[in-house]
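Shown here is one chain on its own, the form predicted on its own, set out as structure tokens.
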Amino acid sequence: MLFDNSYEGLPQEFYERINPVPVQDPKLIIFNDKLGKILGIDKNKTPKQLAELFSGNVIPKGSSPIALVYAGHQFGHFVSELGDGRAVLLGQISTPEQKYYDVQLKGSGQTKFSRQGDGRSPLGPVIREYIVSEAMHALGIASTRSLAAVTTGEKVFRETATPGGILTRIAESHIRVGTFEYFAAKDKTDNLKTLAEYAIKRHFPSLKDSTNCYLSLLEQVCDRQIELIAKWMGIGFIHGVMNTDNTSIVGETIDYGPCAFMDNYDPSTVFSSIDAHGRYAFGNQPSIAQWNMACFANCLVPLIDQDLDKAGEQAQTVINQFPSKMNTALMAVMCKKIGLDSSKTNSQETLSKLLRIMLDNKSDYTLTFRYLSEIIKGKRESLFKQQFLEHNQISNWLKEWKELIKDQNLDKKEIASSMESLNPVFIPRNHLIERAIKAAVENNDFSEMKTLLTILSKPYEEQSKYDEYMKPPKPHEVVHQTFCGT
């Protein structure tokens, strides 16, 4: 692993130089061989060597660990200084194709941003993030990745004592909306400009020749958020804490804390134990994304134009376009899930009807769409109808839907292929993740985690051997709350 750290070249106010705090007895849980190969990591290292490396006990050659500073709006309330309170960035690593990725250890000990925290992570959240981030990647959603997970041999104290763990996270970037907010709140325009220019050079190089690169940066970041949220909604994902400090400017899903996947369709679904008022419910995610982008726009105003009124108007125009662009993207994803063209009004009406029936019938979000995609191939309708308590409404809907499919004059094989590529068989269901976490924490047994990862690496494929893993939870298995582990 050859490291660079371009972020280290920024002014000292951007980070704290700090090494990971060594742990007592690191043991490797899992190493992501496929990702490791992409990153060119030596596959001949022993599990012990990998454990030492990915626990932070051994600092790799060329690494210069730092903890990044940022601010953030948390549940709508601004916190002027947050930062990496339990993580360090080892640096960037380049692939043979010269693409750069951040390598970060999460749960690596205290930094000056820990705010009285211990800087550690319980094992449960490490397992959750590893499973969900890799599942998201396989589902085709832009996401940070998980390279390795280790146990520390030490206890972490939350409500009770629990085993500690460290996750090695790979990201295109760890720059957040909150990173910009930190310098904007301090009125440090020079640092704000330095950060924006660094972000453009590293992540948006095509913008450097644009007429107004800072306004173009706002547009690009908004567009990436729109694409990301539309795809989240398509698979029923709920981030849980869409704070501005958890919003990556490159449009990757980052910080898998109390995240979860919706079982029964309901836009008001919330899992996060800290989201008492449902701010980040499933159906609120598009409007929250716009709110976050408005915060980003406010940061960029001094850079967009010296005339602040003019700059504000230009930024506001971009933000005002967000809802219609978001709706277009969301309709495109959702209508494709039922094989219809979103540009046609009756397609959107048909989608809305289905969602209303699903809400009334507490239909499973994932299986309803998947079984609908199988009807196109002439398979029995019974599995689809089993997702509904009352069959009259859905039978009438099916007739309308089949007529629309006919009217489109598209090849049925093409429609089936498209629908199956958007409607997974397997998602990381909450009860399955909890089962894997329980086995690991209570029995040091990681077999369930590894089985889940195997299944979720091919989420759109039928895997008859694992049919049990596609089913929704039984009443006693339903997960009502998820936790972030801080």
Ligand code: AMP
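What you see is a predicted model; the values in this text were computed from it and never measured. Numbering starts at 1 and runs along the sequence shown.
One more form of this protein should be noted, the form predicted together with ligand AMP, which is absent from this view; the next part is about it.
> So which of 281-289, 327-335, 146-154, 240-248 is the stretch with heavy atoms within 4.5 Å of ligand AMP in the predicted complex?
Replying inline: Result for this chain: 240-248.
> Does the trio E134, H174 and E252 actually contact ligand AMP in the predicted complex, every residue with a heavy atom within 4.5 Å?
Replying inline: No: none of E134, H174 and E252 comes within 4.5 Å of ligand AMP in the predicted complex.
> Can you check whether L82 is within 4.5 Å of ligand AMP in the predicted complex, heavy atom basis?
Replying inline: Judged by the heavy-atom cut-off of 4.5 Å, L82 is in contact with ligand AMP in the predicted complex.
>> Although the partner isn't part of this model, could you tell me whether F31 comes within 4.5 Å of ligand AMP in the predicted complex, counting any heavy atom of the residue?
In response: Result no; F31 lies far from ligand AMP in the predicted complex.
> With a 4.5 Å heavy atom cut-off, would you call G117 a contact of ligand AMP in the predicted complex?
Replying inline: The answer is yes: G117 has a heavy atom within 4.5 Å of ligand AMP.
> Is there a heavy atom of Q74 lying 4.5 Å or less from a heavy atom of ligand AMP in the predicted complex?
Replying inline: Yes, Q74 is a contact residue.
> Considering ligand AMP in the predicted complex, which of R158, K188, K412, H391 comes within 4.5 Å of it through any heavy atom?
Replying inline: Contact with ligand AMP in the predicted complex is made by R158 alone.
> Looking at ligand AMP in the predicted complex, which residues in 44-73 have at least one heavy atom within 4.5 Å of it?
Replying inline: The stretch 44-73, when checked against ligand AMP in the predicted complex, contributes only Y70 at the 4.5 Å heavy-atom cut-off.
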